[in-house]
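Next up: just one chain, as C-alpha cells, the form predicted on its own.
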Amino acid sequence: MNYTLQFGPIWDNRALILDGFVTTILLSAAALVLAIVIGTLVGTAATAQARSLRVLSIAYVESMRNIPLLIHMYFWYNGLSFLKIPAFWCGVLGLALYSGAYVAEIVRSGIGSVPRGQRQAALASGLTNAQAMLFVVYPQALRAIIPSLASVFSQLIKDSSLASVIAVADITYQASAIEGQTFRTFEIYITVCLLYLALVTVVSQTLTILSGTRDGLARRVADA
C-alpha cells in the first residue's frame, strides 16, 4: 500500500488547529493553578497536628487518585449536568481535582523535608503559624519539590486531551474534526504530537530552570 503524506489540508485548517492549541493552553493553565491551590491546602493539612485534617487529606488523595480521570470528566459533565457547568470548566475541575491529589502528596513530602527546627525557630521569633509556613517552610519546600511538580504538570497537559470527550474544543477535539473532514489521519496526528511535545517540553524545562536543578534536557543530552 502506497501512502503519501500531504500536509496541505492540515495547513488549510491551521485556524482550527491554532484555536484548539490555545484552548489546550488555557485549559491546562487554569487546571494547573487550581491544582496548585488544592494541592497546597490538602498537602499542608496532611502535615497538621489535628488528626481530623490528616484523615480528610488522606481521604481526598486516595479517592481522587483511585478514580480514573475519564470518570472525573464524565462525572462533572454528565453526572452533574443539572449544574449547567460549561464543558471547559468541567474539564478544568476534573483535571484540577485529579492532579491536585498528586500535588498534595508532593507538597506533603516537601514540607516534611524541611527540618522541624526551622518552623519552631520562626514561631519563636514571633511569627504566627501561617507566617512561619508562608515565609519559612514553603520557600524551602518549593525548591525541593519543583522537579516533581514539573512531572505532574507535564502529565496534566497530556491528560488535558481527555477533555475532548466532553466536547471541549481543545487541539485533540479539533484534530478529530479535521480528520473527519480531510481523512488525513497521519498528518493531523503528527502535527498534534509535535505541538504537545513542544508545549510539554517548554513547561518542563522552564520549571527545571527555575528550580536550579541540573537534570534538564540539555544536561541529559550532554551526559549521553
Partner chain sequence: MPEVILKNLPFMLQGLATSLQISAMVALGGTLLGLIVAVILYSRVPVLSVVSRVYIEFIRGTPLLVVLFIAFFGLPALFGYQTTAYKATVVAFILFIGAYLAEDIRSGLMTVKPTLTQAALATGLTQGQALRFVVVPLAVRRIIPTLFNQYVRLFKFTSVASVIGVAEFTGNAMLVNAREFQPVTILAFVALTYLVICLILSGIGRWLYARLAVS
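Quantities reported herein were computed from a predicted structural model and do not represent experimental measurements. Numbering follows the first chain given and starts at 1.
The discussion below concerns the form predicted together with the partner chain, not included here.
Next item on the list: Given that the partner is absent here, state which listed stretch (123-131, 137-145, 84-92, 68-76) has heavy atoms within 4.5 Å of the partner chain in the predicted bound form.
Entry: Of the stretches listed, the one contacting the partner is 68-76.
Margin query: Check for me: heavy atom within 4.5 Å of the partner chain in the predicted bound form, for each of Leu18, Phe21 and Leu27, yes or no.
Written below: No residue of the spot touches the partner chain in the predicted bound form.
Check: If you check Ile190, Leu56, Leu41, Ala167 against the partner chain in the predicted bound form, which one has a heavy atom within 4.5 Å?
Finding: By the 4.5 Å heavy-atom cutoff, the listed residue in contact is Ile190.
Item checked: Touches the partner chain in the predicted bound form: Lys158 (any heavy atom, 4.5 Å) -> Yes, Lys158 sits close enough to the partner chain in the predicted bound form that at least one of its heavy atoms falls within 4.5 Å.
Note to self: in the predicted bound form, does Val33 come within 4.5 Å of the partner chain, counting heavy atoms only?
What the structure shows: Val33: no, not in contact with the partner chain in the predicted bound form.
Next item on the list: Answer for Gln49 alone: is it within 4.5 Å of the partner chain in the predicted bound form, judged on heavy atom distances?
Entry: Answer no; every heavy atom of Gln49 is more than 4.5 Å from the partner chain in the predicted bound form.
Next item on the list: Using a 4.5 Å heavy atom cut-off, state whether Leu162 contacts the partner chain in the predicted bound form.
Entry: Output for Leu162 is yes: heavy atoms within 4.5 Å of the partner chain.
Notebook entry, point to check: What residues in 83-119 sit within 4.5 Å of the partner chain in the predicted bound form, counting heavy atoms only?
Noted result: Contacting residues: Tyr98, Tyr102.
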